[in-house]
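Take a look at this single chain, the form predicted on its own, given in structure tokens.
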């Protein structure tokens, strides 16, 4: 039996790509493609098993409340969800124990691996910074992927007993050193012609290491999205990060 999927944000870049990917998948079908202003009750009418959400930070929480409350699994690629909202989703999912919710900052399998490589490298270098590069229509900065990567690096450094990253800056124009997430600086570029790209740069005496991932086309995210759809029902509760489904931890 095919997995019945509903896509929220279906007219957006990632949503429309998801609808196309679903049309080519043998084991699932898109039975509801909704966008801003559409009635979520259509998800119930179409007996949707899994919802894919690529909407906006302003609407994703209300979508999740509806979906989880109606015992529909959710695969969420919308970025900009903060820790308070994650806690709210976790509590809601715990009240509906059969429901699986995957929130992933990035569905690119290469991006997931790049974050894992960064975790491995972090304890061995004194310095680390992140450059993330996206198209100018992206609404959040830094990207969810960059923030997740910074948190991974910071935790790996803490576990290894490393101190603060050296930075002798005493005079600067505000913002010139980027944002700081748990002590890791992130620099966000927004340029026409880009899709989604990230560089993680580590430095130590006499050497640097750069880990870079490039999403050339949004179709590259689709294997990860389909993987999430296939596995979310077997992972009740909230899961943050596609790596958990890849058994990388």
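Worth saying up front: this structure is predicted, and the values here are computed from it rather than measured. Residue numbers count along the first chain shown, from 1. Throughout, rigid core stands for the largest set of C-alpha atoms superposing within 1.5 Å between the two forms.
Form predicted together with another copy of the chain: not shown, discussed below.
Requested in this report: Tell me, yes or no, whether residue 217 is in contact with another copy of the chain in the model of the complex, where a contact means a heavy atom of each within 4.5 Å.
Outcome: Residue-level check for residue 217: yes, a contact with another copy of the chain.
**Report entry** Touches another copy of the chain in the model of the complex: residue 81 (any heavy atom, 4.5 Å)
**Finding:** Taking the distances in the model of the complex, the answer for residue 81 is no, it never comes within 4.5 Å of another copy of the chain.
Query raised in the report: Is there a heavy atom of residue 190 no more than 4.5 Å from a heavy atom of another copy of the chain in the model of the complex?
Result: Output for residue 190 is yes: heavy atoms within 4.5 Å of another copy of the chain.
Query raised in the report: Does the 4.5 Å heavy atom contact test between residue 138 and another copy of the chain in the model of the complex come out positive?
Result: Judged by the heavy-atom cut-off of 4.5 Å, residue 138 is in contact with another copy of the chain in the model of the complex.
**Report entry** Partner-facing stretch of 173 to 181, 96 to 104, 69 to 77, 83 to 91, counted where any non-hydrogen atom is within 4.5 angstroms of another copy of the chain in the model of the complex
**Finding:** Only one stretch passes the 4.5 Å heavy-atom test: 173 to 181.
Requested in this report: Please pick, from 195, 61, 40, 30, the one residue with any non-hydrogen atom lying within 4.5 angstroms of another copy of the chain in the model of the complex.
Outcome: It is 195 that has a heavy atom within 4.5 Å of the partner.
Report task. Indicate whether the candidate residues 11, 26 and 49 are all in contact with another copy of the chain in the model of the complex, with contact defined as any heavy atom within 4.5 Å. Result -> The answer is no: none of the three residues contacts the partner (heavy atom, 4.5 Å cut-off).
Query - Partner contacts in the model of the complex for 87 to 124 (non-hydrogen atom within 4.5 angstroms of another copy of the chain) - result: Sequence-ordered list: 108, 109, 110, 111, 113, 114, 117, 120, 121, 124.
Query raised in the report: For residue 160, is the CA shift between this form and the one not shown at least 2 Å following rigid-core superposition?
Result: After core superposition, the displacement of the residue 160 C-alpha between this form and the one not shown reaches the 2 Å mark, so yes.
Requested in this report: Please say whether, between this form and the one not shown, the C-alpha of residue 219 moves by 2 Å or more once the core is aligned.
Outcome: No, residue 219 moves less than 2 Å.
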